[in-house]
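Form predicted alone, single chain, as structure tokens, below.
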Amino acid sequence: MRPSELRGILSYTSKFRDKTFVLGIDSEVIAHPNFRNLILDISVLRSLNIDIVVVHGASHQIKSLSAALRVAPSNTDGMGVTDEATLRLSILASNQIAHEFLETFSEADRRAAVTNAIIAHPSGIVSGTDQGWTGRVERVDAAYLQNLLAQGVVPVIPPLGFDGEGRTFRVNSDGVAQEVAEALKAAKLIYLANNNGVVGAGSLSAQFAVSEAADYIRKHRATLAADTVSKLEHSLTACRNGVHRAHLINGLQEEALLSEVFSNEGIGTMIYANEYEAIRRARKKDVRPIVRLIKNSVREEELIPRSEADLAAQIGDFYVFEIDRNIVGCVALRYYQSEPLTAELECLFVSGGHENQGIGRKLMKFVEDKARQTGVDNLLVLSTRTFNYFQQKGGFTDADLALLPPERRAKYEANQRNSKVLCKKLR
């Protein structure tokens, strides 16, 4: 590993330390040769004090057992009717997978425990058909899981639920992972399957706000694989119910988990909520509030002076961060016609009463993602007094004046501020 890569990982450690990630691992991933590498990657996350909870599927193993035992399952994914024979196959498959997890975690010198943390009840009769031993999650025993996590144990949750009478039900693992993530107030819900989720814009990386994800599912449901739709829908629900991020990545790919977690770009599909929902595009009525917001910083020469007329003319470039409908931060993203692969982050500011809450970093990350999505290669920022912030918090590095587009170079020379030029490579 190159030193630059290690520094990149270390920049995330404070952000994720003591947070909880819930991993929904498909049965096909467990059966793949990369499974042992995945467990090592999980061990890396644990070494950084990130709590991990694993929820696994079993359909691949159920199919293998059904062929070996010559028992035809009524379903393999925990959806639809589950007869007694399929329930027995599900229990056998889950026991087999549990052993693989415990064995592989032992090789990685990590403690794990297979749990009965899912309390379920029968799905009952749906559209006139008794669903048999198919169950629905009633609740998650979050206290039990948190106790295991506090002891450094990785809880492993099978696609099985249990009721107060000791009965076992087959439950869908995607839904279980979502319920567990919500119950534990997880920072991330990560599904590891046999693909990276949505393929968009010529790459395997796609990022959606909650509203965008809902619209994408509605428009593309007919062309997406059923298991991908399931994971997208459960990701969407989780983000609506308090989970910050949900990811779909290819668990068959080596180092996919670490690449998704420890890079801005990621390699899979991400649905985001929480702080991003507080950021919106500025409107004309926001001109005066923004001018009032930044006036002290302008007075101290941290920001370029902007009149109401100047800001009104550029309002389409601005985004604001709201708390209880009050604007507490702003940022602008300026594109250049002469250099379409270059953009500039401008006028990043957070009110004094909301400093040190991470709002500046959220605005910076939001603009960075917007620039990346529109094909920008170089994101610039010019600063006279806060360049250390952009270097330490945003990963920007010193750049040469020659990188400035001609119209920006002319403005730079005219204002005589001698700002330091910084750049971040987005691709």
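Don't overthink the numbering: it's just position in the shown sequence, from 1. Between two forms, the rigid core is the largest collection of C-alphas that superpose within 1.5 Å. None of these values were measured; they are calculated from a predicted model.
One more form of this protein should be noted, the form predicted together with a small molecule, which is absent from this view; the next part is about it.
The partner is not drawn, yet in the predicted bound form one stretch among 398-406, 50-58, 367-375, 383-391 has residues with heavy atoms inside 4.5 Å of the small molecule: 383-391. In the predicted bound form, the small molecule lies within 4.5 Å of some heavy atom of Ile359. Contact check for Ser74: no non-hydrogen atom falls within 4.5 Å of the small molecule in the predicted bound form.
Among residues of the shown chain, Val350 is one whose heavy atoms approach the small molecule to within 4.5 Å in the predicted bound form. In the predicted bound form, at least one heavy atom of Ser297 sits within 4.5 Å of a heavy atom of the small molecule. Just one of Glu302, Glu100, Asp83, Asp317 comes within 4.5 Å of the small molecule in the predicted bound form, counting any heavy atom, and that one is Glu302. A single residue from the set Glu355, Glu212, Asp130, Asp310 has any heavy atom within 4.5 angstroms of the small molecule in the predicted bound form; that residue is Glu355. Superposed on the core, the two forms barely differ at Val29: its CA moves less than 2 Å between the shown form and the other one.
Taking 2 Å as the criterion, Arg136 does not count as shifted between the shown form and the other one: its C-alpha moves by less than this amount when the rigid core is aligned. Core-superposed comparison between the shown form and the other one: the Cα of Phe349 travels 2 Å or more. Between Phe396 and Leu48, the Cα distance is greater in the predicted bound form than in this structure, by no less than 3 angstroms. Relative to this form, in the predicted bound form the C-alpha atoms of Glu212 and Val331 approach one another by 3 angstroms or more.
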